[in-house]
Every structure is written in structure tokens, then in C-alpha cells.
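Next up is one chain by itself, shown in C-alpha cells, the form predicted alone.
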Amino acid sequence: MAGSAIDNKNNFAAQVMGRLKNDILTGYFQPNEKLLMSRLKERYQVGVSPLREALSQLIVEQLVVVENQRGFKVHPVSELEMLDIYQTRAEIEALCIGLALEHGDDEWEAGIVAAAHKLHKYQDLVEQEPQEWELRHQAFHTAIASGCKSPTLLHVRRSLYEKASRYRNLWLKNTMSNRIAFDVNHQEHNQLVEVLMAGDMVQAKILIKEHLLGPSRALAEHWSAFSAE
């Protein structure tokens, strides 16, 4: 019974952390925003103990910072951090693709094609349902990377993806209203599928790096405008 109670407590704390983490990544809580316990308790309908545990975990993940013992706030964003995250992510993603092309099989290829098809079906609905498009976009890139067969590498990749998502949301706000930029993004997805199916490792690595670094270049070019939103 004691073990079951501990498991339930841990599962509950994990659920609270997951909800808070998602709210930070999707921008419900803005960079530098104070995370007031009263507001968090009301939003998640929990007590202080699981909230403090969740906040402690998110400090480790660099999504929350302690504000001089005066409470917690959302980790700030910066141009330097953004560029570092995107550059590192591009290198990790290229490494995943290289290993995936070495170890990938028919099932891996089928998973990529299926994920690309699901993403394509939402191309014309991205402005109306951006969250669903983002989920399908994430699934597409995850399907590609999964072929590397390395749990450790995929864990690092997922952490970078999550950190980049706060910046990517800034980029998406502009891109979704810019049909030309979004169409280019869609074409890059199609090209990536083609070179992966052809087994062209060199071109696949070049394409994934260019694809992932595109948003960081756009953000860097207009950083003051993006970060003020």
C-alpha cells in the first residue's frame, strides 16, 4: 500500500509538471513572467508541495529560474541562447539522420511517409489550428530521428526541441501569416523526404541543417521585434 501511495504521488507530481511545462513552452506563461503560487494553485488545482516539486524540476531543465528567493519566474529568452540552441539542435539532428540512414529499415521509412502525409493534410489549416499543426510537425521530425536507435541521443534531441519551441513559437506567429515563408518550409519537408527515401546521407544532413536554422536566422534578423511580442 505504501509503495502504491508513493507511485500515485509521483505520478501526480509528474502530471502537474507536465502541464506547467507545456504552458511555458507554448507561451501561456511568457518569458520573465512571475509564477505566483496563488495563480498556479488556481490554474492546476493543486497544493504548494507538488507545485514546488514541479518548479524544481523545471529549474533543472532551464525553463524556470529562482528570483533571489522571492519566488519563481519563467526563464528569459535571449538572442544568444536562441542561436546556441538552434545551432546545437541542427548538429544533433544531422547526427540522428546519419545514424538513421545507417540503421533505418522499411518500417522507419514508412513512418516518415505516414507522418509527412499527416502534416501535409494540415498545411491549409495551420492558421486555424496552429497547435495541431505543431504536433504533426513535431511527429514528422521525430519519425525521422527515431531511426537513429539511440535512446540517449533522442533524449538530448527532445530536450533541445523543447527549448527551441519557445523561440519557434515567436517565429510561427509571423510565418503563419506569411504564406510564402510557410510554403518554403513545406517544400523543405518534401525535399527532406525525397533525399531520405533515396538514402542520400550527405544531402539529407545539409537539408536538415538548413531547414532547422531557417527560423533562427529569421529571428536573429528581427530579434527586437520578435522578442517584444
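Note that residue numbering begins at 1 and tracks the sequence as displayed. Rigid core here is just the name for the largest C-alpha set that superposes within 1.5 Å across the two forms. Quantities reported herein were computed from a predicted structural model and do not represent experimental measurements.
There is another form of the same protein, the form predicted in complex with a further copy of the same chain; it is not shown, and what comes next is about it.
With a further copy of the same chain left out of view, the stretch that reaches within 4.5 Å of it through heavy atoms in the predicted bound form is, among 45 to 53, 27 to 35, 164 to 172, 187 to 195, 45 to 53.
a further copy of the same chain in the predicted bound form is not approached by Ala139, whose heavy atoms all lie more than 4.5 angstroms from it. In the predicted bound form, at least one heavy atom of Pro151 sits within 4.5 Å of a further copy of the same chain.
Put simply, Lys121 is far from a further copy of the same chain in the predicted bound form: not one heavy atom of it is within 4.5 Å.
Residue contact check for Gln57: one or more of its heavy atoms lie within 4.5 Å of a further copy of the same chain in the predicted bound form.
This chain is drawn without a further copy of the same chain; in the predicted bound form, the residue among Ala204, Leu63, Leu40, Leu160 with a heavy atom within 4.5 Å of it is Leu160. Proximity to a further copy of the same chain in the predicted bound form, defined as a heavy atom within 4.5 Å, singles out one entry of Leu101, Ile92, Ala145, Ala116, which is Ile92. Taken together, the three residues Glu109, Gln128 and His211 all stay farther than 4.5 Å from a further copy of the same chain in the predicted bound form, as judged by their closest heavy atom. For the partner-free chain shown, Asp84, Ile85, Thr88, Glu91, Ile92 of 71 to 94 come within 4.5 angstroms of a further copy of the same chain in the predicted bound form, judged by any non-hydrogen atom.
Annotation for Val202: C-alpha shift under 2 angstroms between the shown form and the other one, rigid core superposed. Comparing the forms between the shown form and the other one on their rigid core, the Cα displacement of Phe72 reaches 2 Å or more.
Taking 2 Å as the criterion, Asn190 does not count as shifted between the shown form and the other one: its C-alpha moves by less than this amount when the rigid core is aligned.
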